[in-house]
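Before any questions on how it binds or moves, here is one chain, the form predicted alone, in structure tokens.
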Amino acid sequence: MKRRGYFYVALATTLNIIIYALTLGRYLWLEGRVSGGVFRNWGRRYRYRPKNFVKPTTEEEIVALVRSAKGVRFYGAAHSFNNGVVADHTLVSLDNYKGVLWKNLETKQVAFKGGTRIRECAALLLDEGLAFGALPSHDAQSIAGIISTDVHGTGRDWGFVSDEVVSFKLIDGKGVVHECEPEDDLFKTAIGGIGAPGIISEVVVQAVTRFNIEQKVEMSNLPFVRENFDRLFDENEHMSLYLFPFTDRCQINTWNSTEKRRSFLDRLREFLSISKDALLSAWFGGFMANTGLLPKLSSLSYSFKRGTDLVMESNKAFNRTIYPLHQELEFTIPFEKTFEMCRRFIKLFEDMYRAEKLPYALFEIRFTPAGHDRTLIGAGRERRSTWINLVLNDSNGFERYYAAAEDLMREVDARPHMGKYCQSFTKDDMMRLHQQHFTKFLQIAKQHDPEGKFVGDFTRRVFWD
């Protein structure tokens, strides 16, 4: 992997924010794209020149492409942390295949082309007085990509974008177009299947009437959160936590629907808030970590952090666009083990940091309810889950911690999020974690892609070995 230092992360984060501000939110520098025939993922870690690169504009073109291609992978925003979007032969972007195909305002159902980004879907729904019931934290992914990785949010009663999907069309490796509904095995294979059985070309979403969200950020202490966790969880529709090494200080994030009017200059205030957090993480957090001061200054530095309380349009509250240049390794553990597992992974970081400096880190904790049966191998399948996201600045040393964390994940039977770092997990690990569900997944994926057209280096390791 490329070696990156403190200044690279800090300057890249700063440049991204400046460009985004100067273009009034129209352009993100840190976003996956092909430029000059060279592909880069959002963090610019995976860079290569595909043998072929195409941008189809119709479903017929996609079908023809699949039938004639070999070694093909599709990407949306390439907001991924592994090489899952690296193609053996042909790389495909659906950026020219986006927009609304049809809508039924009586049932509040809207069909989107697969390449439509989540931020574009949200805007198109708002034009009709509609919205997603809830969303995850990033708005760059395509609607096809976000359900192919079974992206989740955090909620007492809600967890996954796929829960809002009525049906979708999937083009398999034989070029056959399938209409898939939630009870279908092919539907469950595609949700979280990172493109193994085919490409999702159309998604029908069940929307709701547009609404506002009150988003609160509060600083607290971990003993208080542990003692009051059940009450906090029950009182809020959506909640997450940020935990930090070398301190008991923590951050409580909540989102609740409200009849209140939007806050004055809500979008500007949110942009300034998330930009400040990104810059502090990249510059000050990176400085503390780089100089060995993290254990001494963590408690003091977080004592200065203040909360926010903003009422925004729902999509703007759920989504954020600006991040520091970072890496993510995310996984699920049973909900009942939340604080035990958080303690173990934070302690692992603290012990390794004392022995050899690591990049700045925070630990994002999110939650999804039980009963998620729309996927065969998604990390949140069926059980009530806590998602632990190990977020480290993308500078030298994160790989060492992630390697140790993946060993600990195996020890505690954590299920990896397939869109995140996930560098050492293999087919054997997936079989152990998902058992008969994984066997069924492989059978259906092979049936619909018998020639292995959608196989790449990443899926070869985690599915086909």
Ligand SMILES: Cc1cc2nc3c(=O)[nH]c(=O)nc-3n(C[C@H](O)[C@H](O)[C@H](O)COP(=O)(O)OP(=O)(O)OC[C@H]3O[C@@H](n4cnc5c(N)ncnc54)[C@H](O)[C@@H]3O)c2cc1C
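The structure presented is a predicted model; accordingly, all values stated were derived computationally and were not measured. Heads up: residue numbers just count along the shown sequence, starting at 1.
The same protein also has a form predicted in complex with the ligand, omitted here; what follows describes it.
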Which among 347-355, 123-131, 148-156, 300-308 is in contact with the ligand in the predicted bound form, heavy atoms within 4.5 angstroms? 148-156
So the ligand isn't shown here. In the predicted bound form, which residue out of Ile199, Ile333, Ala361, Val165 has a non-hydrogen atom within 4.5 Å of it? Ile199
Quick check on this chain: which one of Arg384, Lys216, His138, Lys103 has a heavy atom within 4.5 Å of the ligand in the predicted bound form? His138
Report yes if any heavy atom of Lys420 sits within 4.5 Å of a heavy atom of the ligand in the predicted bound form; otherwise report no. yes
Would Phe187 count as touching the ligand in the predicted bound form under a 4.5 Å heavy atom rule? no
Contact with the ligand in the predicted bound form for Tyr401, defined as at least one heavy atom pair within 4.5 Å: yes or no? no
Is there a heavy atom of Phe81 no more than 4.5 Å from a heavy atom of the ligand in the predicted bound form? yes
Taking Phe246, Ile365 and Ala405 together, does each of them reach the ligand in the predicted bound form with some heavy atom inside 4.5 Å? no
Pick out the residues of 227-241 whose heavy atoms come within 4.5 Å of the ligand in the predicted bound form. none
